[in-house]
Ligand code: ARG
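Single chain ahead, written as structure tokens, the form predicted on its own.
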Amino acid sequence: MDMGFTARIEELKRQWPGNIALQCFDGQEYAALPQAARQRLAKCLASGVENPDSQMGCYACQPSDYDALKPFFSRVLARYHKVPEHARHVNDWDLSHIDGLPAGGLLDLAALGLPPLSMRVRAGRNLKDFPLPGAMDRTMRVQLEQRMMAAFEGLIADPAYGGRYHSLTPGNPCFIDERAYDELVAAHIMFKNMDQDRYLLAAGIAADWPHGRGCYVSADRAFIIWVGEEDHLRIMCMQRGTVLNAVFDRLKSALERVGALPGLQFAVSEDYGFVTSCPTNLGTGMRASVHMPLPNLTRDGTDAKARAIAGPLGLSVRGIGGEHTPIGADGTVDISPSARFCITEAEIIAALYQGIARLKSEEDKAAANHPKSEEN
């Protein structure tokens, strides 16, 4: 069986050079592992073997996988994140350590001449005492949801949060019907049906849908926690405004608040930071983004010019509905720093601010080259 697995990987490696996990697989190293470790690594590779067109091609299945299977994952992390194989991650939210920011560290987009924008910052977290979603069965998923519901009672009773929990699990006292679910999805509050994602299905992450899935929403609908998606928790803050610090600081305090709730302990690797199912999110688990209108840079109907500017700055440009979605009719795009690992939380939000400043400057230049009078 192991010989056949190794042979299949080697064949796929030749056919799919862009699949990082396959390219980082070492057959001799695999053969030298104990049987249990071989099975463990094969489980992590399942999605990339079934879907060799994957870029990453693997998911961790246990909180300890990154450390227990370090030779493999160190190569994966180095190749994707473009860091040395021995790189260690450090978490730090302190903006005072960052050069080139406005005096006092206030990241106010209004000072750049921008109107209020949709701002969102999120972080993936997993609980230490559960398998990661790819290795959970239905009973575990429901148990995790129940653990979180008990914890959410503390948030709901807190005037700073309030709100309610919405469950997708049949029979749950907080169960919502399909109509309510669709409304939350349309409002970009709840995550979409995972049963339609072939990568998550092959990884085991989407199994047992919709059991154990749900979403806590604060009273002001600006603080959200997804339960049972790609990670146990996706914790996010959103706001329309101009001061990036507002969502950044609220997320920091919210993570501290959630992490202090009874029965919750986040999974952390001493070398790699906060543990996430996908190696792309490891370290900070954090994504910070804004929806920014760039009507002149997207005048041709594409985000090609915006990508050309943003890419060298370490920023990703996406459609307003996320990856593989179109830009807004007014040229609005989603801007976010690409890095998660071997970068601090403070560096992520600073990179977003500095990238927005550069894009605003280039947008103004493009506008000057296309005065409105030429369009009339």
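Treat the numbers as computed from the prediction; the structure is a model and nothing was measured. Numbers follow the displayed sequence, beginning with 1.
Another form exists, predicted together with the named molecule; not displayed. Remarks below refer to it.
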Interface check vs the named molecule in the predicted bound form: of A37, L313, M56, A46, the one with a heavy atom inside 4.5 Å is M56
The named molecule in the predicted bound form has a heavy atom of only one listed residue within 4.5 Å, and of V217, C278, A254, M148 that residue is C278
Q.
Taking any heavy atom pair closer than or equal to 4.5 Å as contact, tell me whether Y165 reaches the named molecule in the predicted bound form.
A. no
Is there a non-hydrogen atom of Y199 within 4.5 angstroms of a non-hydrogen atom of the named molecule in the predicted bound form?
-> yes
Is D208 near the named molecule? Define near as a heavy atom within 4.5 Å, in the predicted bound form. no
Open item on the list: Just checking whether E230 would be counted as a contact of the named molecule in the predicted bound form - the rule being heavy atoms within 4.5 angstroms.
Closed with: yes
Answer among 342-350, 303-311, 27-35, 56-64 for heavy atoms within 4.5 Å of the named molecule in the predicted bound form: the stretch 56-64
